[in-house]
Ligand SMILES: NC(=O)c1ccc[n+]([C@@H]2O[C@H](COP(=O)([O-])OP(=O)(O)OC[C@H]3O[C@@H](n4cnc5c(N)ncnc54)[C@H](OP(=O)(O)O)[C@@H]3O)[C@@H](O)[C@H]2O)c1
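Consider the single chain below, provided in structure tokens and representing the form predicted alone.
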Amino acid sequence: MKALITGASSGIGREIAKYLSSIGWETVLVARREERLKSLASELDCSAFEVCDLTSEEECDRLFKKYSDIDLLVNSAGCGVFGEFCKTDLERERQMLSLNIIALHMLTKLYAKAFVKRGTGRILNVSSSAGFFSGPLFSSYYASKAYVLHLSEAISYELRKSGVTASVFCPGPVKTEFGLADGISHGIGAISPELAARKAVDGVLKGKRIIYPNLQTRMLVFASRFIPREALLKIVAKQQAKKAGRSCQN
């Protein structure tokens, strides 16, 4: 069995690749940072790697054509832009949306169609618990993860009789490099990327539609349904401000 993992040079993507390899999967590692990919590939058996900028639609097409024989697609590549919407850099946001949404959408579409023709295959899209909320100070990132969540959930339903499964992983804070460029801390209750990877992989192999890393995240999402939207906005804004070491004006 072979899996293609985007965002494999660090964080959850890297740990997913390692965990899949440990349970006997052949892996194709995809990211922009060549040295990190080489280092990881040297640790894993039967691993290929591909240096690829997924913000390029041509690169997404090339990747699919080169590795059309995989059994599991893992869309783990992603980034965020922190700050007030009117103050964040538009080009950084465009790059983020190209990676978080367009690349993920393209690869999901291309592989889903190929899997359906084959009658088998699995897709794992990495979203976030952020996908269930609106996120002041992190608005574009939260919105992008909502897209991933709702797209994946709908596709999963459509594919339910095809032999193909689509799963979406929705972790809370994870101890990775994510957000460090913007000076954002991991947040309270952050879990290890190793634990996140195990939960994600075990979930997709069981065919789960929405995968949570723990009961705490599941309960947080459930409880949010009973909180007024205005109150949720204030709660999220305060939490994001704390992670950046800032005060929050409401």
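Predicted, not measured: the structure shown is a model, and the values here were computed from it. Start at 1 with the first residue shown and count on from there.
One more form of this protein should be noted, the form predicted together with this ligand, which is absent from this view; the next part is about it.
K.L.:
Might residue 62 be said to contact this ligand in the predicted bound form, defining contact as any heavy atom within 4.5 Å?
P.N.:
Contact with this ligand, no.
K.L.:
Looking at the partner-bound form in the predicted bound form, is residue 176 within 4.5 Å of this ligand by any heavy atom?
P.N.:
Residue-level check for residue 176: yes, a contact with this ligand.
K.L.:
Using a 4.5 Å heavy atom cut-off, state whether residue 240 contacts this ligand in the predicted bound form.
P.N.:
Residue 240 lies outside the contact set for this ligand.
K.L.:
Even though this ligand is not shown here, does residue 172 get within 4.5 Å of it in the predicted bound form, heavy atoms only?
P.N.:
Because a heavy atom of residue 172 falls inside 4.5 Å of this ligand in the predicted bound form, the answer is yes.
K.L.:
With this ligand left out of view, which of 218, 209, 32, 198 would have a heavy atom within 4.5 Å of it in the predicted bound form?
P.N.:
In short, 32.
K.L.:
Three residues, 76, 99 and 145; all within 4.5 Å of this ligand in the predicted bound form via heavy atoms?
P.N.:
Contact check passed for all of 76, 99 and 145.
K.L.:
Tell me which stretch of 83 to 91, 122 to 130, 158 to 166, 108 to 116 has a heavy atom within 4.5 angstroms of this ligand in the predicted bound form.
P.N.:
Single hit among the candidates: 122 to 130.
K.L.:
Going through 1 to 40, which residues have a heavy atom within 4.5 Å of this ligand in the predicted bound form? Please give them in sequence order.
P.N.:
Heavy-atom contacts within 4.5 Å come from 7, 8, 9, 10, 11, 12, 13, 31, 32, 33.
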